[in-house]
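We begin with a single chain expressed as structure tokens, specifically the form predicted alone.
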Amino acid sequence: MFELLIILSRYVFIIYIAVFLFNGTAYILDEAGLTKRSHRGGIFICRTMAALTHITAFLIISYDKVNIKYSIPNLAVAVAGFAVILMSGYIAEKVYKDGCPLVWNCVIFLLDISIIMLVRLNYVLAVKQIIWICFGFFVTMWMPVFIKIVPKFEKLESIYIILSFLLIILTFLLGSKEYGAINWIHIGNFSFQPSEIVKFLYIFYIASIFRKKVNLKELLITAFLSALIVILLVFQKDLGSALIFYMTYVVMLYMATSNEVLLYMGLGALCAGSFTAYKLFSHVRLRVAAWKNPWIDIDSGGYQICQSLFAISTGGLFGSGLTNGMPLSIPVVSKDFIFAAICEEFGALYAICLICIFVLLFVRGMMIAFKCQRRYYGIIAAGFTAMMSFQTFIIIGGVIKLIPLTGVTLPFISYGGTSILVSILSVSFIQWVNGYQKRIERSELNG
């Protein structure tokens, strides 16, 4: 009987996420003025779909089919996770009163999927993830205060870039090698990924430079320092982060200059740099070889991607059902390959809908960025949105073998304290920018 419920739940989960997407899309169309009636009631429906997904998933995960009873620890995590996400969303909306509710709903849905999958994969990691989510929203509460205390933080570009290089160099000195890349620093039981923190600093640096019209000298200096960060990340074998940094720079450069020639030059330099890296670095050639034909070296370099493809194909369109798959057979499943685990148990159709939620989040982020009248804030919002977008594309593209695999986390879903913290803070600043713009609009309307 319980197995039948698991099979039926596959379709229930798809209904939940489809309703979420329908109402989220309607809200964006309403905000863009493309519909004649308000869809703001859909925000409550989206939040309800997230809650129903959480309840349904934990009723399945928490059931011990062997002993025919519910697991108390899993139920405790279910209640804790549900409370944390709801309270976090409530607090965030109170602190960012003029923030976009759809953005918070997308974040809440993705964080909830993270908790569900991590309980399924590793109970201890799920508990840690909940703690990091709490810490992330706690820090988020103080960001508006920081902006008020440091009103001229756009003039601290030298501090941002110096701290960025110090963190990257520190990784060379103290970092440990994990899965081929030197990108983690361990201090006792605490570990963090410096490149995740550098993402935050780097966007503030670029926005600080581009907040005003730059001359050729400033442009060349910024390009040189950005290239140096990318090169250092390549030497750390952190290819995913290197690509994310570079593409984010190109997007922010184009938004600041609206110069198509610079955009094409940036894309051309990416092609040239990729070819050069392929010729110079053996680890790049290994990644490309594993991407081209992982089956040749299935016991070594191609093992990860082959296991990922096996899981995705096994799940099919509707998935094997939550708890019915074998996600633990996928290497690094709680971090790099969590999307493959979702595909296996929830199905490819559900995974596509999950990608669409990311698209909703990114489209809304860019709408906020382009609408902002203050150049500096608009560039920052665009930078954070672009960085999360490229990170999502790179890891999902690698997992499904669309592009060569590079080890980065899937924002809001993969396990990782630093990643969760930076992702939540990035969205929080985008929300603050939206609130800033709305306050400007109200003041103009009131004369």
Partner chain sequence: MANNTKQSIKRVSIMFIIMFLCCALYIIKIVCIDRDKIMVNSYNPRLNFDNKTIKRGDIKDIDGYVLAYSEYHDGEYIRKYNNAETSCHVVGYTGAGKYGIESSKNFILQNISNEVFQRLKNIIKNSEIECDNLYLTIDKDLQDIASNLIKNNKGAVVVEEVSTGRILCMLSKPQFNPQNIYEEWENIKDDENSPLLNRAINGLYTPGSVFKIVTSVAAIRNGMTDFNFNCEGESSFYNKIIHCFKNKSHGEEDIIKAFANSCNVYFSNAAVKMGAEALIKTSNDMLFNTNINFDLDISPSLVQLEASSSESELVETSIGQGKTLVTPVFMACITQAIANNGVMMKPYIVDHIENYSDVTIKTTVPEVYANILTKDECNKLKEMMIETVNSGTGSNANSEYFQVAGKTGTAENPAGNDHIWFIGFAPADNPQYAVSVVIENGDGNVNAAVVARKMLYNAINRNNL
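Computed from a predicted structure; not experimentally measured. Residue numbers count along the first chain shown, from 1.
This next part talks about the form predicted in complex with its partner chain, which is not shown.
Of the residues given (146, 295, 224, 275), 295 alone sits with a heavy atom within 4.5 Å of its partner chain in the predicted bound form. A single residue from the set 230, 369, 163, 209 has any heavy atom within 4.5 angstroms of its partner chain in the predicted bound form; that residue is 369.
No residue of the trio 92, 107 and 158 has any heavy atom within 4.5 Å of its partner chain in the predicted bound form. Among residues of the shown chain, residue 390 is one whose heavy atoms approach its partner chain to within 4.5 Å in the predicted bound form. In the predicted bound form, none of the heavy atoms of residue 215 sits within 4.5 Å of a heavy atom of its partner chain. Although the partner is absent from this view, residue 379 contacts its partner chain in the predicted bound form, with a non-hydrogen atom inside 4.5 angstroms.
Although the partner is absent here, residue 307 is a contact residue: one of its heavy atoms lies within 4.5 angstroms of its partner chain in the predicted bound form.
Checking 114 to 122, 278 to 286, 74 to 82, 313 to 321 against its partner chain in the predicted bound form, the stretch whose residues place heavy atoms within 4.5 Å of it is 313 to 321. In the predicted bound form, 344, 348, 352, 355, 359, 362, 363, 366, 369, 370, 372, 373, 375 are the residues of 342 to 376 with at least one heavy atom within 4.5 Å of its partner chain, listed from first to last.
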